[in-house]
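First comes one chain, alone, set out as structure tokens in the form predicted alone.
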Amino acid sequence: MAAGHLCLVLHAHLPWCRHAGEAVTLEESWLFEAIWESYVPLLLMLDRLAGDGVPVRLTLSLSPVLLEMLADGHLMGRFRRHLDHLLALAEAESARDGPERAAADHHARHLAAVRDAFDHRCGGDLPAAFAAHARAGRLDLVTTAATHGYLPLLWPEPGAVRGQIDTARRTFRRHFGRDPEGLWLPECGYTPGLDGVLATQGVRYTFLEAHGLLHARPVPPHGVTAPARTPAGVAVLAREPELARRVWSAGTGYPGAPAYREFHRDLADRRDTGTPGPTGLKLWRITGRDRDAKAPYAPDAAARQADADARRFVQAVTAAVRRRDRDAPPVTLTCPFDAELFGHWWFEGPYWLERVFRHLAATDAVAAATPGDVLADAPQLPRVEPAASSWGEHGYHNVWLNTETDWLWPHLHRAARTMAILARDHAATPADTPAGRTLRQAGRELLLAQASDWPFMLRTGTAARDAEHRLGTHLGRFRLLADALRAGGVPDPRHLTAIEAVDTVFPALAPGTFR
């Protein structure tokens, strides 16, 4: 039996977007880049490991709103056209004579492989492809709050939290035919009492930032190297900070190596591509600290670097396991990351992850494991009350509640109270009536307005105007629908149909959970 477990946890989430115009919007570009740079490469990685008989135990959280987009035929058709455009652009670039030709050729082959996998391996259905790996025992699929609402700041309105979690459970069941056992807390955001809502929704385990467990009462005897259990009975696994930092930090971690692809220089920065905004094609390597002096990307050198970094990571994991006390239980080292780190932000990330699993297979000191594996081996866990915490900057809630965002929370809380009243007053309204449709669409708009993406974007200044516009749009639609119901009627049927056609998310939503 291995002396320790390594729980690698990837969390995939992007905000809702669904457009009908010809041009690809900013939010669509985020989704499309994540698909061809991260999600499909992760599937191809799992395919290769399965083909070679390499054991894999990986946990993947797919946000409900992301699942809905990946299963949306309209959006996936737009992605397919976008992918064809990118492939043509990469092929044209690889035909040019110049120092970036090898990098362009590498990207063209990569995009062709993604297109082939998307069309033939996945049949355009990425959730089904992930589900196949889950059935084979390689993936532990879990979920998160419906639209990634930041739960500690929604906590003043309990119906809002219940709506986020219940809708997540229903969406997961609709796509995978079962309830999720685990749930990723958006931004690892926890506040005492939240575990009670998780427990009533059947959640067995969740994940915390390190100080959520290290500052728990009482302090668990083994810190972050073993899971604990909350007062409501939910198991919690906390991030091992030093190992995780090796992977996510561009400054001191592996992704900052000079051989890796430079994220911040796009082909559109160097020449007119005929495409507004960045293309996603990046043909240079990090090289050094000078942002202007970038050498062409060398794929073979980057692959060698990724293998060396994977070997170093497994060595660090093994050393951490061997440092445990002799009488301590088997060490559990939990390393959670955004899935988009692997491929999008760190282009070589999927290959690095593949090499990690291959190197793990060669050692008997550490075994890759899912939280379910760990809990099966350690049924008796210490009971603690985790501390309020998140993995955001400074470790608490200030990324989402600050001088740039404090104005939005009263609006969200007021809307949540309104939704609770509407759900109570219309409890007997059939879902297929105009009033029932209006109530369900109001719930969708409330959930979309609650997404943690909007305050995050306002705080960081990343597309802040887009965030404010999206927040205002969803709250405006909610108020239109709510005002009609409160007045004893329904909105203009044309308005209702138009809103339903744009925000088609969460057909399984149950308004009663917002009460």
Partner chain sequence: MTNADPDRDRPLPDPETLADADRAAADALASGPRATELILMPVDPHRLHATWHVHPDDLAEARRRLGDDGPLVLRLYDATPALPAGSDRAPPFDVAVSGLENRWYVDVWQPGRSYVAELGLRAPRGGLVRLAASRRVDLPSAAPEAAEDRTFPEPTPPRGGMAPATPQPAPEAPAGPEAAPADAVPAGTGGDGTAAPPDEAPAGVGPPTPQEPAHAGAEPPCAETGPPLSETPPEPPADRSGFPRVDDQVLQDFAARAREAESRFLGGSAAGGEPAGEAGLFPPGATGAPLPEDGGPMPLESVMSLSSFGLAGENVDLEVNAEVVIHGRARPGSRLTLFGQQVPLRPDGSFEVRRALPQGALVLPLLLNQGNG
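Quick caveat: nothing in here was measured; it's all calculated off a predicted structure. We call the rigid core the largest set of C-alpha positions that still match within 1.5 Å between the two forms. Numbering follows the first chain given and starts at 1.
Just so you know, the form predicted in complex with the partner chain exists too; it's not on screen, but the next bit is about it.
Although the partner chain is omitted here, in the model of the complex all of 175, 473 and 495 have a heavy atom within 4.5 Å of it.
Only one listed stretch (416-424, 293-301, 256-264, 355-363) carries heavy atoms within 4.5 Å of the partner chain in the model of the complex, and that stretch is 416-424. For residue 201, a non-hydrogen atom is located within 4.5 Å of the partner chain in the model of the complex, even though that partner is not displayed. In the model of the complex, none of the heavy atoms of residue 309 sits within 4.5 Å of a heavy atom of the partner chain.
Interface residue remark: residue 411 is counted as part of the site for the partner chain in the model of the complex, having a heavy atom within 4.5 Å.
Taking the partner from the other structure, the partner chain in the model of the complex has a heavy atom within 4.5 Å of a heavy atom of residue 170. This chain is drawn without the partner chain; in the model of the complex, the residue among 121, 109, 74, 101 with a heavy atom within 4.5 Å of it is 74. This chain appears without its partner; in the model of the complex, the one residue of 196, 241, 434, 137 with a heavy atom within 4.5 Å of the partner chain is 196. Counting a residue when any of its non-hydrogen atoms is within 4.5 Å of the partner chain in the model of the complex, the hits in 372-407 run 383, 384, 385, 387, 388, 396, 397, 398, 401, 402, 403, 406, 407.
The Cα position of residue 501 differs by less than 2 Å between the shown form and the other one after fitting on the rigid core.
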